[in-house]
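A single chain, nothing else alongside it, follows as structure tokens in the form predicted on its own.
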């Protein structure tokens, strides 16, 4: 499979690198971390002005239409800079799903605003003890003019400032996908602090009325939409992990080349050089499986196994590279005036978001076993 990106895609990635680097020095990150939402609106507007929020949005809806694969390269750069912007929930989970499954009217209503940075649509794909949006515990009852939704979603990014929150709920006839107004009657938002230190929200819904115009899909179409959102989110998290782990490895390489012990850099010690070399191998393997998953998703090919493999590698590599980086740094790695600790926090957050490696390895094993038994007759 050819993962060579076009000149246009390469230019977009380089532009993202430049903008993100300009906004994510340590002092700027410290200021943003003091804010409740941990969201750099200035950076978000800079990305919008450069057209990068519309990478996976069609040109006639305000985007530049380079596709999902290009969007994952933006996610990689966000991971590399630990930039405080919600690219995965807004651009992947929400906008990506709307682009592929919403009606033309809904797309025209929401996607131009997302691309221009004037509108936030977030997504709520997780529940307590359930990270699969195709099997929600939230319930929806049909009513005149729409649906009434009840239940709880967790870890919702940018919930208070979002115009709508994309989520799924169970009906008597299967699931539906809806855009819920976080300011609607019956909605309660409870702040939650996650591993990265940022604030997300528990979304509690008690008979929240959602009008028909905010119902994105029902039945089999809703199932397909949430399946796509789930796979795309996992792929985007793996792409973020590529940038994150690559940067951790390079920070560690630079530190061990400068830190001296017994009169020479510790990078010359065999044990240290082996740890960093293992990190390099891990990062490149993660990059390869992530590019494969992103390419399959971009082209509309079956990608479930590839995405599961990418997310398994994502969890394992973030854990190993984070551990090796801290080990090679000693006490310096946990100093909050030094950048590594932020990367390690994000590594842990991504490792356990949307399925752990152990969980996904078990699921992949069950799939392989079922296919074998089916062929064996």
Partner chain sequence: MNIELTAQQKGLQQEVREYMKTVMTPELLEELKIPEFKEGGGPEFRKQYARMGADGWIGLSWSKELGGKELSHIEQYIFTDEVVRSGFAYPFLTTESTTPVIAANANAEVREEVVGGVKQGKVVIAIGYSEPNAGTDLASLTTKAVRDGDDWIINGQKMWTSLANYADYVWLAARTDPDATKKHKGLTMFLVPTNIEGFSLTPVHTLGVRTNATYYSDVRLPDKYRVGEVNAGWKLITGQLNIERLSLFTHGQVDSLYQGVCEWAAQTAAPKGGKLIEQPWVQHNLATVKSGLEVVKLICWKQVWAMDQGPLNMADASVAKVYSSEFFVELYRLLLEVMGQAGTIAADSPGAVLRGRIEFRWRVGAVLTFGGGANEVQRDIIAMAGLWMPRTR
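Positions refer to the first chain, counted from 1. Quantities reported herein were computed from a predicted structural model and do not represent experimental measurements.
Quick note: we don't show the form predicted together with the partner chain, though the next part is all about it.
Proximity to the partner chain in the model of the complex, defined as a heavy atom within 4.5 Å, holds among 267, 184, 189, 163 only for 267. Interface residue among 212, 143, 285, 206, judged by heavy atoms within 4.5 Å of the partner chain in the model of the complex: 285.
In the model of the complex, the partner chain lies farther than 4.5 Å from every heavy atom of residue 115. Though the partner is left out of this view, residue 17 does not reach within 4.5 Å of the partner chain in the model of the complex, counting heavy atoms only. The closest non-hydrogen atom of residue 291 lies within 4.5 Å of the partner chain in the model of the complex. In the model of the complex, the partner chain sits within 4.5 Å of a heavy atom belonging to residue 313. Here the chain stands by itself, but in the model of the complex one stretch of 256-264, 190-198, 86-94, 223-231, 256-264, has heavy atoms within 4.5 Å of the partner chain.
Across the proposed site, 69, 280 and 309 without exception bring a heavy atom within 4.5 Å of the partner chain in the model of the complex. Of the residues in 154-169, none comes within 4.5 Å of the partner chain in the model of the complex through any heavy atom.
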